[in-house]
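Next up: a single chain in structure tokens, the form predicted on its own.
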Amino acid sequence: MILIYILTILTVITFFVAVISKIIRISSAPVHLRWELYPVPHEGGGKAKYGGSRLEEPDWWEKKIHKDSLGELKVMIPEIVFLKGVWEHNKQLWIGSYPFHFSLYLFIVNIALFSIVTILKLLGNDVLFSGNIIGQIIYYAILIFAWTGSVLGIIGTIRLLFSRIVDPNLSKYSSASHYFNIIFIGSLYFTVFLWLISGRDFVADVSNFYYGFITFSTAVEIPTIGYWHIILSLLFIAYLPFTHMSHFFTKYFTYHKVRWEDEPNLPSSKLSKKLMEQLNYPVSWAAPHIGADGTKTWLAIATEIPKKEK
């Protein structure tokens, strides 16, 4: 069991180091080309309702910018919770993708609940098995989420694999890593399902593992399928930030720094200084119509009068 605890610590460190380093790398990248498609959800003043923007107003750059954070949440919550974009653009894919992702959400909620229970137990309040109403609510909530997540997750896994194999619009773009990732996550759902039907008290087993991890106790006993699930979960958590599945946090940059980024480029502003720095980067493109020689900057090429073709 001590080896499992050490593996858990290494996994958590790996996960956070990888995520933080990727966030720093993306945040320090050059300014991205904006989409500039309106309406932008955080556009204040009610203009987003009809597809407008502050650019309609004269001397808009001199006026105070009003951002509507609620407008962003109205777009983000349906996208995150219900995969609204997938539903709108590919309903057949959504049938498998939604239960597949929703099951992960339920498992994450269970991690949060077990963490709360463990903290309370360390403080001397074993709420889960104290017999009070709150403990019973948490116990059965965890159990319901585990059953629902495992069953829906298995269904979603099978459906996603079927879609990627049968649908030519998906299969031609599906690499070995896509299938591997689906099966990998599916194995987490399957091992929880086996744990639940093993006859053991799933909630008690997992709760004891959490408490044992914090206290480094060797007295914790879990079934073999429990070991398999925990090891697979730890390997997945360590593996996650290094894959395209890191969109669970990089999607923030896609929306806020590309799709919705509308900060005005005002003189002497931070954005203006960044852009001027980028305009002085040398261009090494090989395309002859660019006229790059490896020393000319973007600014020089953009302001150069094009040569007349012979």
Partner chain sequence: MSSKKIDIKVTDISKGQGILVPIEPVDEIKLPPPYDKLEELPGFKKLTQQALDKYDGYVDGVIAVGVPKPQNEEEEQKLVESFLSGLMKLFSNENNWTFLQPLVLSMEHCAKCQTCNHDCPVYEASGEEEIYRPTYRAEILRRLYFKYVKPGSPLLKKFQYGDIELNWTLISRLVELSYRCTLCRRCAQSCPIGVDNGLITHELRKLFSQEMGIAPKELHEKGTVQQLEVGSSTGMNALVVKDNIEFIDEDMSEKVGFKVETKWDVEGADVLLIHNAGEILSWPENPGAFAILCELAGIKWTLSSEAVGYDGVNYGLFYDDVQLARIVVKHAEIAKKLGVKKIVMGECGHESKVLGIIGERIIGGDVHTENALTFMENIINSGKLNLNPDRNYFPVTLHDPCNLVRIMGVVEPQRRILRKIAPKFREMHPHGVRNYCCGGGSGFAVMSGNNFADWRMHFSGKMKFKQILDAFADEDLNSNSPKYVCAPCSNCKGQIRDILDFYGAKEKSGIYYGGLVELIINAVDDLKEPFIDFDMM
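Positions refer to the first chain, counted from 1. Computed from a predicted model, the values in this text were never measured in an experiment. Superpose the two forms; the largest set of C-alphas matching within 1.5 Å is the rigid core.
Keep in mind that the form predicted together with its partner chain is missing from the display, and what follows is about it.
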According to a 4.5 angstroms non-hydrogen atom cut-off, is residue 284 in contact with its partner chain in the model of the complex?
-> yes
4.5 angstroms heavy atom contact with its partner chain in the model of the complex for residue 70 | no
Within a 4.5 Å heavy atom cut-off, is residue 221 in contact with its partner chain in the model of the complex?
-> no
Distance check, residue 302 to its partner chain in the model of the complex, heavy atom within 4.5 Å | yes
For the spot marked by 78, 140 and 273, is every residue within 4.5 Å of its partner chain in the model of the complex through some heavy atom?
-> no
Tell me, which of 82, 180, 147, 129 has a heavy atom within 4.5 angstroms of its partner chain in the model of the complex?
-> 180
In the model of the complex, the one of 188, 93, 152, 203 near its partner chain [non-hydrogen atom within 4.5 angstroms] = 93
In contact with its partner chain in the model of the complex (heavy atoms, 4.5 Å), from 115-123, 230-238, 195-203, 164-172, is stretch 164-172
Who in 196-216 is close to its partner chain in the model of the complex, meaning a heavy atom within 4.5 Å?
-> none
Indicate whether residue 298 shows a C-alpha shift of 2 Å or more between the shown form and the other one, with the rigid core used for the fit.
-> yes
So with the core overlaid, does the Cα of residue 287 end up 2 Å or more away between the shown form and the other one?
-> yes
Is the C-alpha displacement of residue 50 equal to or greater than 2 Å between the shown form and the other one once the rigid core has been superposed?
-> yes
